[in-house]
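Just one chain is shown here, as structure tokens, and it is the form predicted alone.
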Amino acid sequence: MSEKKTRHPVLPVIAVRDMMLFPHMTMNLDVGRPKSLAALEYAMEHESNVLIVAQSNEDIDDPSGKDLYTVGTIATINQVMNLPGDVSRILVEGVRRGIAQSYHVSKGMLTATVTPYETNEENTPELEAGIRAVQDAMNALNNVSQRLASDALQNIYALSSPDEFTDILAANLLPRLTDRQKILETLNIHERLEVLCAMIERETEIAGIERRIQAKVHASMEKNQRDFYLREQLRAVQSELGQIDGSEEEELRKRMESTPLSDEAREKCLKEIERLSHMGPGTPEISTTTTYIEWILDLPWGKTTEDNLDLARAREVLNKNHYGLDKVKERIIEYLAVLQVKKDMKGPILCFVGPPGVGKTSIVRAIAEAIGRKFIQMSLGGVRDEAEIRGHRRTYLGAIPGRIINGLKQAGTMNPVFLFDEIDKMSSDIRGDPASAMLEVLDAEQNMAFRDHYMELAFDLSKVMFITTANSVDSIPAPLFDRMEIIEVPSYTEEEKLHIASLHLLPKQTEAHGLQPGAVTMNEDILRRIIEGYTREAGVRTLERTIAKVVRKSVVAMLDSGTMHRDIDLEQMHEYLGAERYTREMPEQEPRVGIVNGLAYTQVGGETLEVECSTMPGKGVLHLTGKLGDVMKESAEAALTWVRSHSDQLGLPEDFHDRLDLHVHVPEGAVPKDGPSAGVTIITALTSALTGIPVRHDVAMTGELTLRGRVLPIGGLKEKTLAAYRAGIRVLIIPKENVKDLEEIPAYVLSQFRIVAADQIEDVLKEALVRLPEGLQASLSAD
């Protein structure tokens, strides 16, 4: 046999994907790509052959020469049929192999300079031996896997041309395109027979493996079918015996074996599953017992999340959405730092106490994110039933576990961050005292074996980080209060609100209303006017709602004007929000008799509080008005007693109380007022009204008073100091024992005042009155 090369003109190229055309074969091709359609049109016009060649990369939609194999099949086009969608179906017949010397694009089609190959076959013993080897290999393959029907195989064996024999056998036998391409590229017939024989032997080996796998699968299916029949028979036997379906019992047993239960829980589970297996069908207890077992298995026994102890990341997360709250953040950083040293440290039990809206709940979410733990929240506001905490006994119809166990099930871990919100709002009734039930939960020495009434199992809560929030600690029972670490979350100062509004609230509301960052801007003066004139609160909830209102109205204005930016000025602020709701009471502009600037701590922060006192002829009656509470009334009576006992030093007649009525009034009578810290304010007002000596208008004071005239410490000094700061006070009188609390007040606030630390009421009168009564002055000089 000899091979002959002949020159051939340039041929149009049709590239195909995932298929192969061999010489001596006829097949249909769908042509739809622009270059292929152009090649087809050219071949039909010029009655030319085409080169059918496969792509080396099937994913390319517009292949170039480098994406095609070099060896293809020269073919003639016997039939063309147009299909919908610019697609033509052609019937092509392979003529001979051809090698593309080069590819190039011409007239919108891909062409190639092709060298065709003609094979002159000579029947030699070597060729005959190669054909027989291929036939033997094919017979072996057909014994393992019936790839070709016996009559089709005999027709292939009957072919007289070895070249045609190998090509047709490869086209019908080899599933992989790369194998068929290799046969096409093997030009020498002897080498082609060897390659084809090796490929058939490999296919035989693969078919044998497939056959063994199928046998295993079939055997497995037979076993499964047999097991199914046996289970059905077992179910029928159990039904006759009055027992339940054993499959559910088996599933519960498997879950129990794969769950790391405690010894007590495992024993309880086994006992309940054993009871379940002996229950008859339709027994009401089947459902309740199954539910109980599933509750045990659903709890996160031994499952914990890994803590992220990166202090820098924790600081970043805590600072991301919360301005201030330094004590809270510092305590969490301390916890993480200690946790790095002592891995098995019990979770702290913290209580964040502060007025509404200062971010207590949201900072707990940030804590969970910073540590990388699950977050569970339980609101205790209005909870009256102890079963909310401990669950119901299983003897009750519809019994369920308490919300603590339910929360741990939802979290799926034993170490989540668990928030008890509004713990000061719990109450008790005939259904029990939830606060007492919380004693075990919030005690690090007891909660390692917490027992829910429904579960009746000890569950370890020591890894849980319990955090509670409260607006006031006054209503928290003392035993519960003693178990928690109290962290004060004070009300925000005006400067802090200004930072929060500009850095957090305004960008948040801008994004929430679908605007681009910076679409609505407010300068510092506008934000300060909104804070002072439209909100009166300790937190920032009303401030956020007010800013949201401005943003909403800005969106309307943007759409009306066609501009997507709004810089809010004073006129627009009044247009959007209306008249200012709140005005701050500023102190008198000159000393006045009987009028004293006091300081109060309310739920919305600190406020200046004027106390007025007036005398009139009468019979010694003390009138108290302004909706004062009992404690404040008692302070007024104590103040009058001190004045009467020191009447000689104040230059007052001994019987002044028999001839004069005294009226003490605190303006804004619609607002309830109570507390002992107005004692020094009331006594100063009484002294000024009785002696006729004016009180300095730039002085403000706070402090509780005893009958002996001693000034006792008070609470809320930071908020009261900020109220004095806003009112322009220059002298601030505080109890001497409160001096240590000044460290919590910003330096820029303290720089405005002259702080007077008073130990006795004489220290207060000395600073507050324009002058001291002569008798009191003499007494102080003598001392």
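Bear in mind the structure is a predicted one, so any value in this text is a computation, not a measurement. So that there is no doubt, residue numbering starts at 1 and follows the sequence shown.
What comes next is about the form predicted in complex with adenosine-5'-diphosphate, which is not displayed.
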Which of 385 to 393, 460 to 468, 358 to 366, 591 to 599 sits within 4.5 Å of adenosine-5'-diphosphate in the model of the complex, heavy atom basis: 358 to 366
Answer option from 695, 296, 500, 690, heavy atom within 4.5 Å of adenosine-5'-diphosphate in the model of the complex: 500
Partner-contacting position among 203, 163, 544, 307 - heavy atom within 4.5 Å of adenosine-5'-diphosphate in the model of the complex: 544
4.5 Å heavy atom contact, residue 643 and adenosine-5'-diphosphate in the model of the complex: no
Touches adenosine-5'-diphosphate in the model of the complex: residue 540 (any heavy atom, 4.5 Å): yes
Touches adenosine-5'-diphosphate in the model of the complex: residue 131 (any heavy atom, 4.5 Å): no
Residue contact check: residue 323 to adenosine-5'-diphosphate in the model of the complex, 4.5 Å heavy atom: yes
Residues of 468 to 496 having any heavy atom within 4.5 Å of adenosine-5'-diphosphate in the model of the complex, listed in sequence order: 492
